[in-house]
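Take a look at this one chain, the form predicted on its own, written out in structure tokens.
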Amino acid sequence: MTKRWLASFWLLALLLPWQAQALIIEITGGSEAALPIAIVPFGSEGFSAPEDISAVIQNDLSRSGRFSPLPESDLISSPHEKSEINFKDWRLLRSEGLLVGKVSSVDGETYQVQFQLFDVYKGQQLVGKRYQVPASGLRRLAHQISDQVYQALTGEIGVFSTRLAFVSVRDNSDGSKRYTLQVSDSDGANPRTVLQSKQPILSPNWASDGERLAYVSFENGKAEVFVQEMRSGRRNSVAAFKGLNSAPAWSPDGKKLALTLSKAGNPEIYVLELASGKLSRVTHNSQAIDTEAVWMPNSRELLFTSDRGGRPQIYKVSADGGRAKRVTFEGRYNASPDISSDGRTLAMVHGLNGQFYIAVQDLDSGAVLVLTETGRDESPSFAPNGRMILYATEKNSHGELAAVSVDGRIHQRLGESDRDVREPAWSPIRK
């Protein structure tokens, strides 16, 4: 499988053999320590809702690997508010939590939604709210409720309201290809097309506000970096220099992009200040390919891939330039870095015996843990809470997306065998 760090340099001569389109989530793994939770189908009054909110919540919590929702057939009753709950009976199911709610509408356009999460053993409400949303907002609201349930029971921030960006390619009947940049909900639903092109699209990367995407497009006959606003659809070309323009990565404050440019003849890391257009060169190594920079959370340093030591490894350098320090030492191939939000864990593509896996490295101890097993994995992207890593893999000659927990215990497939998607990027949490 062509590695992303090489693809960013050689894609001028390559067209990857992808085909196919939309993303469908399939839960294929879990944790033995998953918390049991009872999710009662929400009650309905008036017009039926176009989305099954409780089903979306159940799917969210299940695919996190942290929860094991009870089968509906095991639920002993169907309460929709506290007054209808006999906690003594529900304790028999040994469920850690009980989620109930109802949805109502008098016109089929606006819906009132309420939910309550209870500690079954204490008989106390942990969280509960009421909302009024348009019909089009019901699915997003379901993800928001999932986030609140997740945080109430784990103490950690949920990421179900986030989005995924990815690239797919379709083979047309005339032999040409159609490249599509898409954005979906975190569960793969509601895929929206951001851009279609007959030329390759690469490296989508989210700004910290979750409202802008940077990506590489070859639509004008060469690699060019664009920034696109998600709400308005407006976009601007921000890097169209002679040679390679690739691997955009947003700074934590959303004001700068780290880029790989070969405008001076060799692929090097640069930083572009978007407001002023000021471009600063970070690396200076004419004998190496320096690419795939990502920002450390402190905004002062960058991690990047370089073969300056003879083989691809990951290095750290000040965003202002200076001497680069090698970070990875285990194995002869480490590339495509991404960093957790707390700056403590590095995700990467780790080469071993000619195969490529997703691995994590503790930056304090240097300990490396290989998380995946297929040997054809690339493009790791951390969830904003640092619990999961989204990545691209290959199965039966088709590309698909997958996710794995940072401890390697929870595995998920995001796709079907006849679908092919690549270049995943997990969005930040929307405020």
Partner chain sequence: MKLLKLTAGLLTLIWLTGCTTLGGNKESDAGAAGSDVVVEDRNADTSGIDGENASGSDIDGGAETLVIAGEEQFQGGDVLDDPNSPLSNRVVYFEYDSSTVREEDLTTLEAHAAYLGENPSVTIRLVGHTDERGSREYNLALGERRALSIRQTLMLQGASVKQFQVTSFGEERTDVEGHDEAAWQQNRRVELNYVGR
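Residue numbers count along the first chain shown, from 1. Worth saying up front: this structure is predicted, and the values here are computed from it rather than measured.
What comes next is about the form predicted in complex with the partner chain, which is not displayed.
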property: All of 157, 283 and 304 within 4.5 Å of the partner chain in the predicted complex, heavy atom check; result: no
property: In the predicted complex, segment of 106-114, 317-325, 217-225, 274-282 with a heavy atom within 4.5 Å of the partner chain; result: 217-225
property: Residue 163 within 4.5 Å of the partner chain in the predicted complex, heavy atoms; result: yes
property: The partner chain contact in the predicted complex: residue 397, any heavy atom under 4.5 Å; result: yes
property: is_contact(residue 177, the partner chain) in the predicted complex, heavy atom dist at most 4.5 Å; result: yes
property: Distance check, residue 200 to the partner chain in the predicted complex, heavy atom within 4.5 Å; result: yes
property: Partner-contacting position among 296, 75, 126, 194 - heavy atom within 4.5 Å of the partner chain in the predicted complex; result: 194
property: Selected contact from 146, 168, 95, 246, since only one has a non-hydrogen atom within 4.5 angstroms of the partner chain in the predicted complex; result: 246
property: Members of 270-305 lying within 4.5 angstroms of the partner chain, judged by heavy atom, in the predicted complex; result: 287, 288, 289, 291, 292, 305
